[in-house]
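Shown next as structure tokens: one chain only, the form predicted alone.
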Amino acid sequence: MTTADIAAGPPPRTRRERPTLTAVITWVAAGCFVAVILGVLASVVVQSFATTWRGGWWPAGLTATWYGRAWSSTGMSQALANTAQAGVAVVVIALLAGVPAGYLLARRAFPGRSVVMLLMLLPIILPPMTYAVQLAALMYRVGLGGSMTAVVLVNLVPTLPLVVLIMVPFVEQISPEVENAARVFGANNLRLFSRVLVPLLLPGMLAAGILVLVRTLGAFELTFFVSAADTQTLVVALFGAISDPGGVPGPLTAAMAVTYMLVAVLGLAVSLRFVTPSQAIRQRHR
């Protein structure tokens, strides 16, 4: 420390800004919301292990047998396989059809383009119940009712437009000069799309795939009206167990609900392993 530093004295203390009333209200509200959500989830998890729970803060005993019964007696294993099959099929088909469609909408100007974009929004923003009955009637009329094909097709109705609308801004961020340069070096349309555009669009495709998978896992109305006992997904099987007039034990349905939550969280975690929202946003603004 020099003589000048001693003469200047200690550095002035920076005043800590006092939190505003808006910030306090926001944090309190967020904390209450998180506490309620965690409390509900914790109660479902505890109930799935409860032998009996007739009131109070804790069940009379804990057991893991409800998960075994849910796996063997409610058809949850078949429903889980159906969920995986439907989810993968919907994601793959939606990407294979939605990415080229999004490219065409982004690169081609034609009369009525705004109307097409608006019509694609309708299956996304409208409640699925408004068109689920009509879709189910169509599936049964053409002989597909109760099949896995029908489950995949009805779930493509809201997810395919979702992929298209997500991919349009990603395509618009790519300069047409990149495509022109690839054509100059002899790339045909197939190589241009597979070797040039797909690597650039990969973050957007992965982000769209995540949203499609999450939406398919939670699609109840569309799947409920067209599925049969051997093609129902996990969310439909859970509803069937809850509404069983025979009276399914509460811990059994709680075990099914916990399994459904774990499947959804696992699917989301695996998807986020390959892409993060910030990565997709950075790719869009390049």
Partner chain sequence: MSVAEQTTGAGTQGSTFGSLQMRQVSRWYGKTAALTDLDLELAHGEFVALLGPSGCGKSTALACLAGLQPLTTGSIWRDGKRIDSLPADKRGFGMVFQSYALFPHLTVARNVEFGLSMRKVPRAERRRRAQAALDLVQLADHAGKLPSQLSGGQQQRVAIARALAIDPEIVLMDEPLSNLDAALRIEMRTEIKRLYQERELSVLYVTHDQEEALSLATRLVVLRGGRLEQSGTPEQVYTQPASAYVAGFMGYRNMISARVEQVESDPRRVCVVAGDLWLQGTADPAAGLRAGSEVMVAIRPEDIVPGRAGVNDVPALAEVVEYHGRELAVRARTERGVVLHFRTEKPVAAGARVTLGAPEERVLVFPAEGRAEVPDDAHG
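Positions refer to the first chain, counted from 1. Small disclaimer: the values here were computed from a predicted structure and weren't measured.
Keep in mind that the form predicted together with its partner chain is missing from the display, and what follows is about it.
Given that the partner is absent here, state which listed stretch (140 to 148, 78 to 86, 158 to 166, 176 to 184) has heavy atoms within 4.5 Å of its partner chain in the predicted complex. Careful reading of the contacts points to 176 to 184.
Which one of Met120, Leu213, Val196, Leu206 is close to its partner chain in the predicted complex, taking close to mean a heavy atom within 4.5 Å? Contact residue from the list: Val196.
Which of these residues, Leu200, Leu104, Leu96, Leu126, gets a heavy atom within 4.5 Å of its partner chain in the predicted complex? The residue from Leu200, Leu104, Leu96, Leu126 that makes the contact is Leu200.
Can Ser114 be called a contact residue for its partner chain in the predicted complex at 4.5 Å between heavy atoms? Looking in the predicted complex, residue contacts with its partner chain do not include Ser114, since no heavy atom lies within 4.5 Å.
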